[in-house]
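Next up: just one chain, as structure tokens, the form predicted on its own.
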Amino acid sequence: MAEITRERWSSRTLFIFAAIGSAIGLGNVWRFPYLCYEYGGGVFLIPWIIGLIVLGIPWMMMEFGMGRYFQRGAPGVFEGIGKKWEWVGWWPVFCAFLIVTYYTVIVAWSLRYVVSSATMAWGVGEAGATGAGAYFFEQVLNLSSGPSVLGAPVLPLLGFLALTWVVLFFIMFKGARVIGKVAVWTVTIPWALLLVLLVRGLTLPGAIDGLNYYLSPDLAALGNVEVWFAAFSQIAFTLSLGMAGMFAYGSFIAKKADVTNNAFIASFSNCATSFFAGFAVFSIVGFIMQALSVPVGDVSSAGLGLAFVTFPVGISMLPGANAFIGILFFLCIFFLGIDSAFFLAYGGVIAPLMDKFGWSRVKATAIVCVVAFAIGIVYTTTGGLYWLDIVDRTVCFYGLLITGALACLVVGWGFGAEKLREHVNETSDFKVGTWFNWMIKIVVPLGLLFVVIYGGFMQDIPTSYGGYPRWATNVMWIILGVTLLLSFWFQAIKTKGPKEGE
């Protein structure tokens, strides 16, 4: 790895906000509330919190701690353990890169809806409620018949995608000091907007019914392995681990910084945001149930449907201030997405490239932004949604979990979990015990592999993922194989030594 001067967060506060912002993302609003409703209501919090403690926090401490120890991004960390392990750091870099190519497209959708909300383009009242789905799939996406029909880019989405990457470039090209300052705003603004949405939601008829569905406990759910799979997978996704970026973010903190406290603060802040967002979401769901006289199952949905169909339905049915609430909600989605996007791009990809090749920050940022934008054009086409879903399953499920398990095994057994624990405890007010060693060496890898096998291979090998043609599922395995081969190739590249960098 080429030697460069390591940049620093200008304060602990900025680092914490950056770490929280990287973890808080779109899944906090559109995935957690639905999972909580679907898997036992309030009881879902039990396996979710257990997953946070036994998987999420140790995993985050490992990534922060190893980044601080080696003062490098993910590839540099594993090269430091042993040159033969450098590929373990590059694989999540390529996964992070592919994730940000489509994640920014979803951010672009939110900007499209900010504009649409100003005129309530999908309609007001029952006309808007019945037309919200058609507006999203037919007018915004102009969705084709399947993944084999790619079609042309949808020009408004292409324009908003370009704008998103311009914004990201100007956030990232000056590094951690600017990223930390921006993160303060991209974290606090969504919190404020969610509070406004919650207050508005609670004033609507039917809101309490929605909250009852959100949190009503079903103790029998604890005996269902699906519940534990959902809780563990949500913890892995929501903390933005396994995406290379936390190693880089950890490397930007001072060598005397407290890794343990920072990991706890970032983890619990993220999960508190998820829980809080559920109240805002399900108060609106309850209102829709009452306004349209439909059961909760016909209203609540996970993923894109919740953000871009269900919520527009609720906004259409509001007794007033429809456009204002719509603009607030989609601005919230934008800010939640943008800080996760610059985490993926900068910590996950740009910092490792600077470490390896000694590129200047401006050069590395420009290259990543241009190439990622070019690939992202695929997802703005009329068939782009299908490929977004397929690639997301590939890298944000299989890639994230497999590389996370590998990283924990190499750190735990190759570098030494006890050595890492001693390093973390040197500057921590809260000393972690030997339990941490077994979490990293055994529990976290097994937990991640459980999710991969039970929720992945057992589903996607017998039956094609998502009902797509079998060839589309085969593309997932090809992408995983290609990113793995690229990881070995980047490990084999010999750098000529230190270069001029910022």
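Quick note: we count residues from 1 along the sequence shown, nothing fancier. Just so we're clear, the structure is a prediction, and the values are computed from it rather than from any experiment.
Beyond what is shown, the protein has a form predicted in complex with a small molecule; the following relates to that form.
Listed residues Thr380, Thr403, Ser267, Ser340 were compared with the small molecule in the predicted complex; Ser340 is the one with a heavy atom within 4.5 Å. Proximity to the small molecule in the predicted complex, defined as a heavy atom within 4.5 Å, singles out one entry of Thr365, Ser316, Thr186, Thr238, which is Thr238. Not displayed here, the small molecule is approached by Leu344 to within 4.5 Å at the level of heavy atoms in the predicted complex. A residue is said to contact a partner when one of its heavy atoms sits within 4.5 Å of a partner heavy atom; Val349 fails this definition for the small molecule in the predicted complex, lying far away. The shortest heavy atom separation between Ile284 and the small molecule in the predicted complex exceeds 4.5 Å. The closest heavy atom approach of Tyr103 to the small molecule in the predicted complex falls within 4.5 Å. Heavy atoms within 4.5 Å of the small molecule in the predicted complex are found in one stretch of 84 to 92, 350 to 358, 395 to 403, 223 to 231, which is 395 to 403.
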